[in-house]
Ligand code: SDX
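Let's start with one chain on its own, the form predicted alone, as structure tokens.
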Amino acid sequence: MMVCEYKPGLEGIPAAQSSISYVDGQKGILEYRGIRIEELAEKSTFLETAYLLIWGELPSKEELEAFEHEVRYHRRIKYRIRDMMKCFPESGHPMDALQASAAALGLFYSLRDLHNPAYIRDSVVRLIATIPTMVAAFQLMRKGNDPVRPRDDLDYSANFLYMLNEQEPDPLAARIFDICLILHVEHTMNASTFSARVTASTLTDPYAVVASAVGTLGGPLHGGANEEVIQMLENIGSVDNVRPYIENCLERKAKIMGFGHRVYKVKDPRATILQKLAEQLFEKFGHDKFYDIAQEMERVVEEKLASKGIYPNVDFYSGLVYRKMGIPTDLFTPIFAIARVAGWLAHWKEQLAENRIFRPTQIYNGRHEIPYTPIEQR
């Protein structure tokens, strides 16, 4: 009998062939469909990048305008979903609310016509359009307020920021937020994407695919890390406390949130871009003392751990950007999900093209031939 080598977390084991994104962890390269992330962040928009990932090519002017139009006019959510969300506990985490709402959306579109391009496009548009509305709606409703209706005259990112507090955002903040979505939209076979592909391989509907991925993204070792970075910076409190904090973590072998990556052995290219975005925000809207703490942390961690390939990842600076925009800490991960929905849907579409249900094996390490013990003898 062939003996399989056990790899905890399936580390290094290919789970699929994909042409969606590419990472070179040694050189700090991230590409979407062959285009470097730096170029997309500078020149593209989130919806254009989403189109690129899902359909494989950059859209023409007409194709992009049609896609933007469809998304713009599908932003509103069913009143029954809104009423359901009103019943969620105010203390519930927004990621749990988003997972439930995404799954509920599928109840209204239960047809699974997975071979119909029109069904696939409609599902893509509906999910990309409504997920931000759900996030913003829950944020307001848990405060006892009615949700803000989407504005058809605002673009994707500006509309989401508007729905959070019914104030039209500063153009710079809206553009920076859009770039943040580009940076978070896709990253090869991460945990939530793998979850999405496993769910997709059963040929269920895309709403269940997204709901399963949202549930996976919510964990602190995946999307939830950016929340913990801000909590860590607040606990450190000052630049003077950085070195003792890091030395204590190293002594206890505790994880330093926002540092290290399963793939990158250099600074995450997304972290480099996010750091520059944070500086733009601080220059216009005022400095944040926690940025000084973050910079000192990066210096000390590099001094002590660069030899082990541990550098800032995407979570380290993203929270500082969102914090400066006035976004609550527990919305950081739902915002990650707003972006990553497009990546999950790209993998859903790719999985359908040559589908085979995932059925990995296991290595059994339990006992054998154990006799049953009657209950009165236990």
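Sequential numbering from 1, following the sequence displayed. None of the values given here were measured: they were computed from a predicted structure.
Below, we refer to the form predicted in complex with the named molecule, which is not included among the displayed structures.
Among heavy atoms of residue 112, none comes within 4.5 Å of the named molecule in the predicted bound form. Taking the partner from elsewhere, residue 313 is found to have a heavy atom lying within 4.5 Å of the named molecule in the predicted bound form. The named molecule is not drawn, but in the predicted bound form it has a heavy atom within 4.5 Å of residue 190. The named molecule is not shown here, and in the predicted bound form it never comes within 4.5 Å of any heavy atom of residue 149. Of the residues 269, 132, 94, 223, just one reaches the named molecule in the predicted bound form with a heavy atom at 4.5 Å or closer; this is 223. Interface residue among 76, 289, 262, 121 relative to the named molecule in the predicted bound form, by the heavy atom within 4.5 Å criterion: 262. Within 4.5 Å of the named molecule in the predicted bound form, a heavy atom is found for all three of 256, 305 and 340. Across the options 42-50, 55-63, 347-355, 314-322, residues that bring heavy atoms within 4.5 Å of the named molecule in the predicted bound form belong to 314-322.
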